[in-house]
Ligand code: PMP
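The chain below stands alone, shown as structure tokens; this is the form predicted on its own.
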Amino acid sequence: MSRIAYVNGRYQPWRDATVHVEDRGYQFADGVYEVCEVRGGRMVDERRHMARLERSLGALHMAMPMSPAALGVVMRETIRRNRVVNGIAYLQVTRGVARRDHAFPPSGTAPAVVITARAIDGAGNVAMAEKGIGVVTVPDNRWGRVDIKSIALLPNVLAKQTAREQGAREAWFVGRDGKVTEGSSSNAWIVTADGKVVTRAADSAILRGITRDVLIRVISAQGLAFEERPFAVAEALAAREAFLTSATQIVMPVVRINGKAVGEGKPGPVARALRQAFHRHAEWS
């Protein structure tokens, strides 16, 4: 069965799903997106994703293309048509199609909406989490509003490619202050030598990950000490554990940074426990 995509009001076979050449997402990266985990055929944390989508659109002076409830219906139908049991649903909204001009198009220009869904290798992710992954560090050269989930991701693409070329799975951005901001497609965490779980506060320097927010609830439920603050690469290397979070990887242990072992060089008990408990605290729809 061909994969199906939702494009501007129509469900279409993958091979026929296209957007206009003057879509502002294509020409200006003038849009935002969300990636929602699908587990057991159901979306995880749909409400939180819709709230973040609305915040991102508002920051770009764009309205929601339809109500959150209606978007949820379309996303679930796209998931159903693609027969996705465990995977992701991708939602993208751009400012629409207009003659190429940097300024906003005329009022009333319809936004463009694209939704896709695909399965992911859940067993592969589990196996990866059992071994842990490596990350490399790169200078943070992104714009100053990465809290907006914009489709303008070129620095992230280059960072991810740098990681792959160095045999790592992810890249961590490091600001001019020497502190880690976040990963190219994830939030960054450490467990200090005295057992505190640390991640950067959700300011304009990072994307406020949905998985990140839920995990803070998990940490509280497990009675772990928690701090929101920046940490340097040296502190991460001296940490007991490190890990990252994202919708596709949930909690993924980091066992190497720039080729150097973190802790014992293997996934630690805190990351394992948080990963195991995560979905008990998430919302399902």
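We number the residues from 1 along the sequence you see. Remember, it's a predicted structure, so these values are computed and weren't measured experimentally.
Just so you know, the form predicted together with this ligand exists too; it's not on screen, but the next bit is about it.
R95, R200, R212, K179: which sits within 4.5 Å of this ligand in the predicted bound form by any heavy atom?
Result of the distance check: R212.
Can you work out which of T137, T116, T192, N156 has a heavy atom no more than 4.5 Å from this ligand in the predicted bound form?
Looking at T137, T116, T192, N156 one by one, just N156 meets the 4.5 Å heavy-atom criterion.
Pick from 127-135, 71-79, 99-107, 179-187: which stretch has a heavy atom within 4.5 Å of this ligand in the predicted bound form?
In the other structure, the partner sits against 179-187.
Quick one: is M50 in contact with this ligand in the predicted bound form, heavy atoms, 4.5 Å cut-off?
Result no; M50 lies far from this ligand in the predicted bound form.
Report yes if any heavy atom of F231 sits within 4.5 Å of a heavy atom of this ligand in the predicted bound form; otherwise report no.
Residue-level check for F231: no, no contact with this ligand.
Report whether the minimum heavy atom distance between I219 and this ligand in the predicted bound form is within 4.5 Å.
Output for I219 is no: heavy atoms all beyond 4.5 Å of this ligand.
Against this ligand in the predicted bound form, would K149 count as a contact residue? Criterion: heavy atoms within 4.5 Å.
Result yes; K149 sits at the interface with this ligand in the predicted bound form.
Would you check whether this ligand, in the predicted bound form, lies within 4.5 angstroms of a non-hydrogen atom from each of R142, L207 and A247?
Yes.
Taking this ligand in the predicted bound form, which residues along 14-34 bring a heavy atom to within 4.5 Å of it?
The one in contact is Y33.
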